[in-house]
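This document starts with one chain, in the form predicted alone, laid out as structure tokens.
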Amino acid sequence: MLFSELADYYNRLEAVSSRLTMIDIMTELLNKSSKKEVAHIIYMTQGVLAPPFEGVEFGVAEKLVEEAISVATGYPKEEVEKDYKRQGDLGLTAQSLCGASKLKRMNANKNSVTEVYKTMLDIAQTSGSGSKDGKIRMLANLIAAATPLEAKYMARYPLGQLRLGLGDSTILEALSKAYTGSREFKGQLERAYNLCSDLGTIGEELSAGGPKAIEEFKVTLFKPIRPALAERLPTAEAIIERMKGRCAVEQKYDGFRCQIHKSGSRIKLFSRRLEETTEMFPDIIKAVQNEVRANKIIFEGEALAFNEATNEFFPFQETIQRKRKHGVDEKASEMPLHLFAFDLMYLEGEDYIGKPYERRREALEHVLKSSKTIIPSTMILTSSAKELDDFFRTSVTNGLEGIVAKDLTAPYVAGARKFSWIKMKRSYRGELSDTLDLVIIGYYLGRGSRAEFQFGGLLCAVYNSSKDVFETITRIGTGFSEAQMREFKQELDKIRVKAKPPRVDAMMEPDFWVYPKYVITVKADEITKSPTHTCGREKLADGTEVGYALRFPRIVGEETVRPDKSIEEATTTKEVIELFNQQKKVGVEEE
């Protein structure tokens, strides 16, 4: 397939907002793709070169793309920059300047999708002395040979700003329809995707082996499994009732969630977002090598800085200092980590995903029997609400977040939030029992005392996983430090867009829209019904429409964004509705 054909499909996708229409367009695109192109097209549509755990990044800044457009079109850099400021989109700048190029277009070279993908991969992998000039030259050559429409997406792609409005869920439905004729196979595709976190691999397997290949898809070492997530309940009684009696109850730790893959001497660590973090935690790697009694294993746990002298956990604000690319060894010596392991997914060639939790825990404890750095999470077995509540209070007193109750008979549910895991976190008088992770979709200009910062607050949304859109839930206008205001303004300006992004469902309009990219953690006093927000919006009997909103929202901590969470991992609309229904119940308050 020529890249010009792909650009036509992207242009069609960008022009529509209906998710069903997007699925139909993407289905048509996949049906026209060869088996060798499917993975490349999926990665490109996701705006990446590879899944996150491979760590392949473009390493391309806006200034570099401006220079490439200048070289490709013959316009001075100043004119390119001026047009970019006018349009606010380097893709549109590339399109308009290519359409009026001062240089003769290289019609002889029509690039295929695979050629463009491989060139972009070369751009990402170019490093060292002279790498910037090399990147500019390669990108300029692509743009110079492109039609104006092709140039738009060639400029946007390395910046991660294709703006097509497709999430992974929509791509999975398109794959299902393209290769089975209906969207009903999406569940099987999602299961396989949750086991490997690689949508390109899923497309490749499906196109080559058909539905059977997906039905037989298994866990693979060094392809991270999308983490299981916990539902929420407000009381010990509610948890015991839901679990129907005896369950495991683990302490909930506030650290780095780590998924560990080991095969002989080869070991890799992956974060909650499935990015490789192996180099950041040499002390954990050493412990896995020397203390874990298994040759091939996948397990997960929470890494925390632990003060052995006082037998206390360091707060997350201190633990987070361990996540760094420089000065790793010095910080590891100063603040060693303990890994509290809580689940097992694979052991010595055997898939443990489908086994009941009781079996997984027993096997995990066995392989960690002699380890001092990696230890099983503290756990009790109980069918008593009082015993669960006492364990919860003790955990909170020791500085932990709370507890997670687990169904002893349930499998590991990768990539989903189910009641096989139920969390209960400490709460404070007059607050919701849990924080919410929200996606920034816009921001407001500063006024009055904030005018100098040009930042006055955020418009935030939750993720509606069934519709694959982001629905507004709150405007946050207070509680920012001066440093946060400056940082938000600086980072959000980079992803500012002129119109509402296609995956955003909103009635309110901020001063500036931004492309959904960043997640923040927010605390609020209450969830209320709202006529102005779209989260869970529904029509009432009297014909009015209301959604859900947050009362007195404020950002949590000094960190501006959650680096460990992707936008699809944000709090969902379904969770907000559950929290709304729970908040009237009597919860446990910290004493």
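Just so you know, these numbers come straight off a predicted model, no measurement behind them. Each residue number is its position in the shown sequence, starting from 1.
Omitted here: the form predicted in complex with adenosine monophosphate (AMP). The next part is about that form.
Visitor: Please identify, from 398-406, 366-374, 172-180, 153-161, the stretch that has a heavy atom within 4.5 Å of adenosine monophosphate (AMP) in the predicted bound form.
Guide: Single hit among the candidates: 398-406.
Visitor: Flag residue 352 as yes or no: does it have a non-hydrogen atom within 4.5 angstroms of any non-hydrogen atom of adenosine monophosphate (AMP) in the predicted bound form?
Guide: No, no contact at 4.5 Å.
Visitor: Going by a heavy atom distance of 4.5 Å, is residue 250 a contact of adenosine monophosphate (AMP) in the predicted bound form?
Guide: Looking in the predicted bound form, residue contacts with adenosine monophosphate (AMP) include residue 250, since a heavy atom lies within 4.5 Å.
Visitor: With the cut-off set at 4.5 Å between non-hydrogen atoms, does residue 475 touch adenosine monophosphate (AMP) in the predicted bound form?
Guide: It does not: once adenosine monophosphate (AMP) is placed as it appears in the predicted bound form, residue 475 has no heavy atom within 4.5 Å of it.
Visitor: Does the 4.5 Å heavy atom contact test between residue 198 and adenosine monophosphate (AMP) in the predicted bound form come out positive?
Guide: Contact with adenosine monophosphate (AMP), no.
Visitor: Heavy atom within 4.5 Å of adenosine monophosphate (AMP) in the predicted bound form: which of 421, 518, 306, 281?
Guide: Of the candidates 421, 518, 306, 281, 421 is the one lying within 4.5 Å of adenosine monophosphate (AMP) in the predicted bound form.
Visitor: 338, 272, 268, 186: which sits within 4.5 Å of adenosine monophosphate (AMP) in the predicted bound form by any heavy atom?
Guide: It is 272.
Visitor: Within 336-354, which residues come within 4.5 Å of adenosine monophosphate (AMP) in the predicted bound form, counting heavy atoms only?
Guide: Just 342.
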